[in-house]
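Only one chain comes next, encoded as structure tokens, the form predicted on its own.
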Amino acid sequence: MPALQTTGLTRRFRDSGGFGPFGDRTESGDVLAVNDLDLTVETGEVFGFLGPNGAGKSTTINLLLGFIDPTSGSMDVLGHDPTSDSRALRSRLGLLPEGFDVYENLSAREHLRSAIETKGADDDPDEITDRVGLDPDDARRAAGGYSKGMTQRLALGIALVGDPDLLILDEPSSGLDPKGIKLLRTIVREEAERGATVFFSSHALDQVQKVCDRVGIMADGEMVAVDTIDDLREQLGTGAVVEATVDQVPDLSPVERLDGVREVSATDGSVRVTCDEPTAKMAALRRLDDAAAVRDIAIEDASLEALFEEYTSRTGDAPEAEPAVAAAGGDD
């Protein structure tokens, strides 16, 4: 059973109108925040959930959590309908919300004890604070004096209480320094390895690229792409560029004939091969190594940022997404 599945999920908001730049009243109407969303996230998957501001990501998360009801469509999250069974669902969820606020007079340990009691769990607060990298002394003082990074570590710790089956992380790297971001990635992979599903919503595309199994990209309320990053590269024809430094440029026709190779060019001492398919990179290098003395190589893959910009800038003619079925300042 998938951890999360939506079918035709749609949410409209009523816009009551307002005032234009010259004081004229604007018309009211419906705002389509999420449009006919079909999404499947498998158990144990780390799914990156991406989209520009206003794409519908926050509305989708609020629907999945049961905070708002859909206009139409259906949802199944861990076998529950969030609309009618949110209480049972939340006991199996871990949530790190964007903009988490602390109770200023409570320590991190007190925050965690409250979360443990609420979930009926038996976690050790000290083990959790150690796992998320909060100093023991800091964990015992009032959280009102915490930096943004410390607050984010506490929010992550609360999300981990009770070994949740599904972790929903909304901008989890916000405020973390490089050490904290590396720890976050480690924890996400550990959670997936124990069987949890991680729904990772973030604008930090480099972090998504390093930790997620698949990504889904939303734009204008619709899912415009869902796949692994390598497959998204292939769909857009971005692939990768292999550049080899050679003693002498050889006959390049064997490389040009390879499946997945789009273009081959050469200058004095350098060969550049553009590949549409990830598997073509090593095949091209082997052919070059057979034909010439290769002194150095460099491989440049299209970044997730480049893919994101391509998909969100051409929502009208982007490749049609699959139904989203699985093949989501410093600390101190």
Partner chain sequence: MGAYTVARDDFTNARRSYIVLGVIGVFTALVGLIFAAEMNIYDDPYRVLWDVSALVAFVFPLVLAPLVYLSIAGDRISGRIKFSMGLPNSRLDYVTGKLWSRLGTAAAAVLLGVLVGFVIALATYATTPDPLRFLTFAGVTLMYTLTFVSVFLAISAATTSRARAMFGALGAYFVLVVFWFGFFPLVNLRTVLDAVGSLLGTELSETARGYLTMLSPGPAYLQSTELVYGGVLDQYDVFGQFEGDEPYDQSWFALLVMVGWTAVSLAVGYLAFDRSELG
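Please read these numbers as outputs of a predicted model, since none were measured by experiment. Numbering follows the first chain given and starts at 1.
The form predicted in complex with the partner chain exists for this protein as well; it is not shown, and the discussion that follows is about that form.
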Output flag, S91, N105 and R113 jointly within 4.5 Å of the partner chain in the predicted bound form, heavy atom basis:
yes
Within 4.5 angstroms, counting heavy atoms, which one of the listed stretches 34-42, 260-268, 289-297, 63-71 is next to the partner chain in the predicted bound form?
63-71
Residue (of D251, E193, E117, E127) lying close to the partner chain in the predicted bound form, criterion heavy atoms within 4.5 Å
E117
Find the only residue in G145, P178, P136, G99 having a heavy atom within 4.5 Å of the partner chain in the predicted bound form.
G99
Tell me, yes or no, whether L95 is in contact with the partner chain in the predicted bound form, where a contact means a heavy atom of each within 4.5 Å.
yes
Evaluate I158 for contact with the partner chain in the predicted bound form, applying a 4.5 angstroms cut-off between non-hydrogen atoms, and reply yes or no.
yes
